[in-house]
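The chain below stands alone, shown as structure tokens; this is the form predicted alone.
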Amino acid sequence: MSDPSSINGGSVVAMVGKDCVAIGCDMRLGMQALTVSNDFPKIFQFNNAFLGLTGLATDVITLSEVFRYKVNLYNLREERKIEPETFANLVSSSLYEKRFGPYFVGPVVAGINSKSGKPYICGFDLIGCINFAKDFVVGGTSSEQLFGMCESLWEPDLEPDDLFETISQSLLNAQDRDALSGWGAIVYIITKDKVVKRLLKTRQD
């Protein structure tokens, strides 16, 4: 049997800019080489935090609902919105709970701290080990291509518009080199006072 986390394909990337952060994913849902849908977003918003999930599609849907439930409980109990750093620890502990029968996902968290205004991104393995980063994190079947593109194009202190251009070019070029990703993309540009969501049209083959 092939790697369960690559059966449905998909890619996600998050990048840090100057007082802003971006996260993007492709729209493909596949059954290995067979494309099932081109409308399967993998990014979910939880207050100030954005979660990108790639991997087994059933686990992606399950985990998105689990975190919606847990974040709502947090908001009720704490009477405040969850911050990205806190949400990252929630993701880590939730994945580690299932370490003996893990979810086959590769989560990426991005967001802006509402108090300090600092951008925050991190990635995880499937049992919740946090990979902190100050530039970019990637996940999914086109990880190797994304690493190459991001290392070539990313620069420190990018403005929101430049960050959008950089993450979009990285994502689109990586998708073109991976048969299990593609069919459109979604990119979120997050600053302290607003979130801009943009849809990208890509090759449909």
Partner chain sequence: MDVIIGLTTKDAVIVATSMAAVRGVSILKSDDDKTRVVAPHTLVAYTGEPGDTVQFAEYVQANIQLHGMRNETELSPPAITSFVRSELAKSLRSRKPYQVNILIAGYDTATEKPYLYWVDYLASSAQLPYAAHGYAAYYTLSLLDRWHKKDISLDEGMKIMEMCVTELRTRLPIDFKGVQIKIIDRDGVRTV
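What you see is a predicted model, and the numbers here were worked out from it, not measured in a lab. Numbering follows the first chain given and starts at 1.
What follows is about the form predicted together with its partner chain, which we do not show.
**Q** Choose from 103-111, 89-97, 69-77, 128-136 the stretch whose residues reach within 4.5 Å of its partner chain in the predicted bound form, heavy atoms counted.
**A** Heavy-atom contact with the partner occurs in 103-111.
**Q** Should Asn8 be counted as a contact of its partner chain in the predicted bound form, where contact means heavy atoms within 4.5 Å?
**A** Taking the distances in the predicted bound form, the answer for Asn8 is yes, it comes within 4.5 Å of its partner chain.
**Q** Is Gln169 close enough to touch its partner chain in the predicted bound form, meaning at least one heavy atom pair within 4.5 Å?
**A** Gln169: no contact with its partner chain in the predicted bound form.
**Q** Any of the heavy atoms of Leu29 lying within 4.5 Å of its partner chain in the predicted bound form?
**A** Residue-level check for Leu29: yes, a contact with its partner chain.
**Q** Within 4.5 Å, heavy atoms only: does Glu65 come near its partner chain in the predicted bound form?
**A** Glu65: contacts its partner chain in the predicted bound form.
**Q** Report the residue, out of Cys150, Leu163, Ala57, Ala49, that has at least one non-hydrogen atom within 4.5 angstroms of its partner chain in the predicted bound form.
**A** Result of the distance check: Ala57.
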